[in-house]
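Next up: just one chain, as structure tokens, the form predicted alone.
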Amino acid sequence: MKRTILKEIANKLKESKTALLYPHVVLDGDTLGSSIALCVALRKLGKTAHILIEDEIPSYLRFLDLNNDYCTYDQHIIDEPDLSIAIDCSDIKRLPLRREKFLSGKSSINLDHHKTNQLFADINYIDEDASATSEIIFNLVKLMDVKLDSEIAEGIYTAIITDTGNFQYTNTTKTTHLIAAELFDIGIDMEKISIEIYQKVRIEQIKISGEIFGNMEMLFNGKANIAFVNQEMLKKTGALMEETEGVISTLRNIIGVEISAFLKEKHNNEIKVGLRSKTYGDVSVIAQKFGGGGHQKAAGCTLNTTIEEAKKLITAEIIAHLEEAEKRVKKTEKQHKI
């Protein structure tokens, strides 16, 4: 069934003349890498294709579009595209300044791997088993009869390693490794990708990390923690908000911690909340209570309040979630004893 839908999407892409691709706001490796890979494939078929963004590309991902050839802020670059394609976007709310443009397409497609996807397009293809949306793009490009080249391969590989934590997270599967192996055969510059993503750290990033870990609070007998970054901290250290991206993984890495929360203060009391779990916690449940979503072990939401109030709200939900989880564990243990 899934392959039939993906084949239908491939045919629509081949039949189209123009397409606008929509990565989600606050660009990450999967949404941008997947968008680049599909945009390259569409252009190889002779299509007019562009990636419409609304925020700046993070420095560690700029190598994917060095010449600014694929990404654009210009919503009039294609007035009425044949296709509007959302990539790695679980909710149309994650296209805040581009929503109307997305809906103006003659037809819309939604490609994603989040189980909380809101199915907002004409055709929705959601594969919760995919480690990253780029796995979907990998299969789609093949169904489009486009030969994968190094540029497509590097976009897909970037997406995979950033969404799997360099193959560390439990969303990594045998299929993920097989795709990576095929990408190596095509020819990717792994050293370049690794240096761009992991080995270009400014001193300001080290400073902001110290500030963040300094305000970290342990919760629920050390089984959870919460930390934040605000505008004052960024100003003090000279760091960029994007340079706090890996903090939440470090918070989760602490021994004994099951759930971590990291709060980012944007502007006008907008708080972006990142949530991670290690084994049994389901942070997507917590995120959904605040209108967000994501995966069991990686989710997020946005709160329009102060950092202090956001901390209280998120802390309460984390504790309630862990209390309920522990009750289930104890109940299961009791049943096994019987």
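No experiment lies behind these values; they were computed from the predicted model shown. Note that residue numbering follows the sequence shown and begins at 1.
Here the subject shifts to the form predicted together with a further copy of the same chain, a form of this protein not shown in this document.
Mapping the unseen interface onto this chain, H267 falls outside it, with no heavy atom inside 4.5 Å of a further copy of the same chain in the model of the complex. In the model of the complex, a further copy of the same chain sits beyond 4.5 Å of every heavy atom of F220. Using a 4.5 Å cutoff between non-hydrogen atoms, F120 does not count as a contact of a further copy of the same chain in the model of the complex. Taking the partner from elsewhere, K235 is found to have every heavy atom lying beyond 4.5 Å of a further copy of the same chain in the model of the complex. Though a further copy of the same chain is absent from this view, in the model of the complex it lies within 4.5 Å of a heavy atom of just one residue from K147, H177, K115, R99, which is H177. Note on contacts: among S107, N215, Q231, N253, the single residue with a heavy atom within 4.5 Å of a further copy of the same chain in the model of the complex is N253. Just one listed stretch, out of 128-136, 178-186, 76-84, 147-155, contacts a further copy of the same chain in the model of the complex at the 4.5 Å heavy atom level, and that stretch is 178-186.
Although a further copy of the same chain is not shown here, in the model of the complex the stretch 171-199 places heavy atoms of T172, T173, K174, H177, L178, A180, A181, F184, D185, M190, E191, S194, I195, Y198, Q199 within 4.5 Å of it, in sequence order.
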